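Okay, so here's just one chain, in structure tokens, the form predicted on its own.
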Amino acid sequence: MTRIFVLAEHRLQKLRDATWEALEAGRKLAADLGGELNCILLTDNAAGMADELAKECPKVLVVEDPKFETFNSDSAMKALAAILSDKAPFMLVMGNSNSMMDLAPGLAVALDAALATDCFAFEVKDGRPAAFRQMYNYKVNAKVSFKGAEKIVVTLRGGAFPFSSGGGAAGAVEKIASPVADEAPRKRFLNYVEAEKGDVDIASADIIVSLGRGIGDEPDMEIFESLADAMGGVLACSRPIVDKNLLPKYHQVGTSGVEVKPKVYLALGISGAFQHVGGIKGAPLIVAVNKDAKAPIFRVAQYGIVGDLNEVVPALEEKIKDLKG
């Protein structure tokens, strides 16, 4: 029986969204594999977080140690290697954040485990799991088998496993003595650097018009600003637009920018790389316009238009103004 372990990710005593998505994936894997679902919480203070996790997971394993006040991949790797070394067969599931990607490869080596990163789906056949991830600039979906591995580590693409509360009885919380020795780690935490704040808070916007590389090198920004005004929304963008200094950094949507949850997200000329899509996972309605019919953004959009932005954007604005009277 394969056990499923979910690694909780937290910051400043608050569980991150990736934790809940990992729990959702772990819940499905446990059901398909007929295995136990456990969550591992490494922290300096489990108060609150452990109880939150127990509401959604049958068993929460807690290691409290001052070393886990902030994330340190060295300390986390030593603790997880000690906890999981004798638990095979198992799958360890975690998010695909920068912190988890700092941890996952080294941990897989320490455990002599198979590793698959940035997974967006799983399949279980004949009692064996397989993972799906994308290759070649997200043009190809690859099915990854683990060749009978008894230990598997996977990271999950942000937004691929939307969380829904299980609503069951509270699970058990088990505290484990810290297996990390007192020696100083090779890395040390310095401080958090807060994102730049500007005149527009895209994180709280209900309607977002977002611009990507497809708008061109010297676009007429006024037509996009006019469309956003007509829609009652704000402008946002993907990273190439910030790199070209067309919009400030605080307008950037994505895992390295701002995570947004608008009611409507209009993506103009955005290819749909996972770093960007990970930032719009909370949007219930995504509309994409791109001249490339094979752009990955169309896989997550509810509506799509394949066409020239210079023709589509003015037509959209005119239609919106007509509907508003």
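The shown structure was predicted, so the numbers you read here are calculated from the model rather than taken from an experiment. Numbers for residues come from their place in the sequence shown, where the first is 1. For the two forms, the rigid core is made up of the largest set of C-alpha atoms that agree within 1.5 Å on superposition.
The discussion below concerns the form predicted in complex with a small molecule, not included here.
Q: Within a 4.5 Å heavy atom cut-off, is Asp292 in contact with the small molecule in the model of the complex?
A: Residue-level check for Asp292: yes, a contact with the small molecule.
Q: Is Gly254 close enough to touch the small molecule in the model of the complex, meaning at least one heavy atom pair within 4.5 Å?
A: Residue-level check for Gly254: yes, a contact with the small molecule.
Q: Can you tell me whether Gly214 touches the small molecule? I mean in the model of the complex, with a 4.5 angstroms heavy atom cut-off.
A: Although the small molecule is absent here, Gly214 would touch it in the model of the complex, with heavy atoms inside 4.5 Å.
Q: Any of the heavy atoms of Val300 lying within 4.5 Å of the small molecule in the model of the complex?
A: Answer no; every heavy atom of Val300 is more than 4.5 Å from the small molecule in the model of the complex.
Q: Is every one of Thr19, Gly26 and Pro58 in contact with the small molecule in the model of the complex, taking contact as a heavy atom within 4.5 Å?
A: Checking in the model of the complex: none of Thr19, Gly26 and Pro58 is within 4.5 Å of the small molecule.
Q: With the partner removed from view, which of 72 to 80, 205 to 213, 228 to 236, 181 to 189 is the stretch that lies within 4.5 Å of the small molecule in the model of the complex, judged by heavy atom distances?
A: Only one stretch passes the 4.5 Å heavy-atom test: 205 to 213.
Q: Core-aligned, is the CA shift for Arg157 between the shown form and the other one 2 angstroms or more?
A: No, the C-alpha moves less than 2 Å.
Q: Just checking, between the shown form and the other one and with the core aligned, does Gly272 shift 2 Å or more at the CA?
A: The answer is yes; the displacement is at least 2 Å.
Q: Can we say the CA of Leu15 moves by at least 2 Å between the shown form and the other one when the core is superposed?
A: After core superposition, the displacement of the Leu15 C-alpha between the shown form and the other one stays below 2 Å, so no.
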